[in-house]
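This document opens with one chain alone, in structure tokens, the form predicted on its own.
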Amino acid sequence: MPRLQSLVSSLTLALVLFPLGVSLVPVRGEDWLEFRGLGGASRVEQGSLPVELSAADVRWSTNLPGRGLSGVLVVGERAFVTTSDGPTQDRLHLICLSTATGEILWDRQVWATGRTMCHSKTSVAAPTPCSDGTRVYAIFSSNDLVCFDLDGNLQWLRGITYDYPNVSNSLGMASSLLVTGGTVIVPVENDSESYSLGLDSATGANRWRLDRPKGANWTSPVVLAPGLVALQSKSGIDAIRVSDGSTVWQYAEGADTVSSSALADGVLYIPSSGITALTLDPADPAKEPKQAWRNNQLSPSTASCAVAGNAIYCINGAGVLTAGDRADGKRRWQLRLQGPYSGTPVTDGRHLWAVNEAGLVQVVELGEEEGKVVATLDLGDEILCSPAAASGALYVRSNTKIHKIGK
């Protein structure tokens, strides 16, 4: 097992060079700690992002080693992203950059121990990492999972394929991690040995393993409430206790396996029969929720929906942006954007920032009865990931670069 020995040697060297420790960087309200931000709603504070865009608003662009589709995390004055490189994408990177300058502060690398075959459009570095403000957790399509503190000191790693070898997905894995209540939620759902794990965030040890429906699934989990997360699959939604992996309620009417659900103000918006809205009991989110509405005119495609203010915004496969009323789900208006889109847009309820696959940033002014494009910025770069937003700036990564737009 030469590759495993090489991996262990590399990690031993990392431990020698970078002693274990936890950086004491406080989590701030404007940090972006997971895929699509808090609740997966892709929303930011009103007025925090630039509306009028020009080339001067690109504060920096940094070249990345390797390639990847994972989104950016922002913790304080540091940004984090994953990449993979080599002829078979078997060298895995977790990279930390300065948000002020774009300088790469550290780059930690390990060898892949699992399968690196994936579709040419995606990458081994497709899942977005997550953070609890003291550590960064990253998983790759090879099902290698690493944990570093914010200063780049290795905390633990798992080669999950060695524990559960029968994982098969011909297109590649892309579900993102989530950390909550001291537990890292790891979705490994596929056509063969399909499961999700709850790992101790400090050690990486299993807290629980949960069998999941067999079938390729690229959706990501969402925190419903303290100690409770939603796992999405072709079967629907399972609300899971973080402490032991037990199921407390189910929505069994099916759901998409590409675009993910979003939670905002106690309502879970599921890509199911268009969009289905479930209202959680504020006194007890573990109780079975009530369906508020369903509308098949709201139809997300690869990109998930964004939620802010009194509306939900979905982009379909034709690049049409649809605004739906959060109260009853009725369609308010539609606007054709220049597409296609893979990444989820970001919104503050007054404007929406959408980045298409050709790297065109479009800023949409969101009215009650119509939306209109008020600014564009061409990054001239293929963009397939969902942007992150923090401290007045938009972070957009391509296969080869990260661009910071704004403050």
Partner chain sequence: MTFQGPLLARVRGRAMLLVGSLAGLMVQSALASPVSDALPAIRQVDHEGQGNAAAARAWKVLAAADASALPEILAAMDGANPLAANWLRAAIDGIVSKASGRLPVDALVAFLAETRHDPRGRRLAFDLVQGADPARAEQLLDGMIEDPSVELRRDAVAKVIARAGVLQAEGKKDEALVAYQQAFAASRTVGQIQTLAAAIRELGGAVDLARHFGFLTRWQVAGPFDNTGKEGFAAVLPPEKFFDLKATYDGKEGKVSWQAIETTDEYGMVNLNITYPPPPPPADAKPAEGGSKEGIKEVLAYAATEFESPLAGPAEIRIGTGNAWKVWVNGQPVFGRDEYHRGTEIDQYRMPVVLKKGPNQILIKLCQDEQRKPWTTEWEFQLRLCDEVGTAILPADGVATQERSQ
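Please read all numbers here as calculations on a predicted model, not as lab measurements. Positions refer to the first chain, counted from 1.
Another form exists, predicted together with its partner chain; not displayed. Remarks below refer to it.
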| property | result |
| --- | --- |
| Every residue of 229, 309 and 404 near its partner chain in the predicted bound form, heavy atom within 4.5 Å | no |
| Residue 282: touches its partner chain in the predicted bound form, heavy atom cutoff 4.5 angstroms | no |
| Contact test in the predicted bound form: residue 171 vs its partner chain, heavy atoms, 4.5 Å | yes |
| Its partner chain contact in the predicted bound form: residue 249, any heavy atom under 4.5 Å | no |
| Contact label in the predicted bound form: residue 253 to its partner chain, heavy atom within 4.5 Å | no |
| Contact assignment for its partner chain in the predicted bound form, among 109, 273, 98, 134, heavy atom within 4.5 Å | 109 |
| Position in contact with its partner chain when the complex is considered in the predicted bound form, options 211, 163, 328, 265, heavy atoms within 4.5 Å | 163 |
| Stretch from 319-327, 287-295, 184-192, 122-130 whose residues place a heavy atom within 4.5 Å of its partner chain in the predicted bound form | 184-192 |
| Those residues of 145-162 which, in the predicted bound form, come within 4.5 Å of its partner chain by heavy atom | 148, 152, 153, 154, 155, 156, 157, 158, 159, 161, 162 |
